[in-house]
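This document opens with one chain alone, in structure tokens, the form predicted alone.
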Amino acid sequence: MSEFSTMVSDKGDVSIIYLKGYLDAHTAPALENTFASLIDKGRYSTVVNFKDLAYISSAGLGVFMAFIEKMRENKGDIKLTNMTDKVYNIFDLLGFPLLYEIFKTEDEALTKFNEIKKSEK
């Protein structure tokens, strides 16, 4: 059985989701629940840290597609960070870099959210 877990940490208005393990059809509902919980709390600015994610399937990719529109409708976004080459190649193959901002580090993604917030004032 695949092992997968999420952990959420808040930094100001931005929630950071840390992924660990194998994200596939069996484990994708756990990530869906995490995103749904953030939306229920009105937290639409999210960074997803892939540092400890070993594998992602099309079902896992589908979770991001399912929630991006809701986040952006509410002036938020999903920004992706710390991908291994293996995981990044899957995202790249499917054209995700055109849809999502992908950063090398969590701090770069948080800085981007802060820049957007400052420009809105």
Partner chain sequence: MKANLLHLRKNSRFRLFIGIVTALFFYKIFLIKNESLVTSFIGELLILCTIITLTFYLTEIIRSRKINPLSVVLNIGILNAVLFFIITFSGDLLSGLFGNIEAKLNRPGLFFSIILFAYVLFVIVSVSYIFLSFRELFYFKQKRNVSVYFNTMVVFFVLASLTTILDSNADLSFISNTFLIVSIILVSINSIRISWIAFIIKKEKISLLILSVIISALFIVNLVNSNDANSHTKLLSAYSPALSKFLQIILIYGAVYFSVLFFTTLFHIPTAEAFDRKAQEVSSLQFFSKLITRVLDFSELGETVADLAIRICNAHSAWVIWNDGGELKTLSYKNIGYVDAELITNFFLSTKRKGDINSTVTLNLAKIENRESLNEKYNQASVSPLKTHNEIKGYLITLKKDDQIFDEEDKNALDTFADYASVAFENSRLLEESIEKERMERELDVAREIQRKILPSQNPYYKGILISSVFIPAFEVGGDYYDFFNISQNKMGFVIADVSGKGISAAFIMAEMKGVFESLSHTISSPKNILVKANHILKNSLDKKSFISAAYGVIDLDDGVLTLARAGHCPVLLIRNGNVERLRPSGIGLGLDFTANFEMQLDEIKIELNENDLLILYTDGITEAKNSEMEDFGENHFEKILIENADHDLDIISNKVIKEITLFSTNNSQHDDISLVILKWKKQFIKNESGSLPGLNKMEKKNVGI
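From a predicted model like this one, the values you see are computed outputs, not experimental measurements. Residue numbers count along the first chain shown, from 1.
Keep in mind that the form predicted in complex with the partner chain is missing from the display, and what follows is about it.
Put simply, residue 32 is close to the partner chain in the predicted bound form: some heavy atom of it is within 4.5 Å. Proximity of residue 17 to the partner chain in the predicted bound form falls outside the 4.5 Å heavy atom cutoff. The shortest heavy atom separation between residue 41 and the partner chain in the predicted bound form exceeds 4.5 Å.
Heavy atoms of residue 36 never reach within 4.5 Å of the partner chain in the predicted bound form, leaving it off the interface. Heavy atoms of no residue among 102, 104 and 120 are located within 4.5 Å of the partner chain in the predicted bound form. The partner is not shown here, but in the predicted bound form the stretch 85-104 reaches within 4.5 angstroms of the partner chain through a heavy atom at 86, 89, 90, 92, 93, 94, 95, 96, 98, 99.
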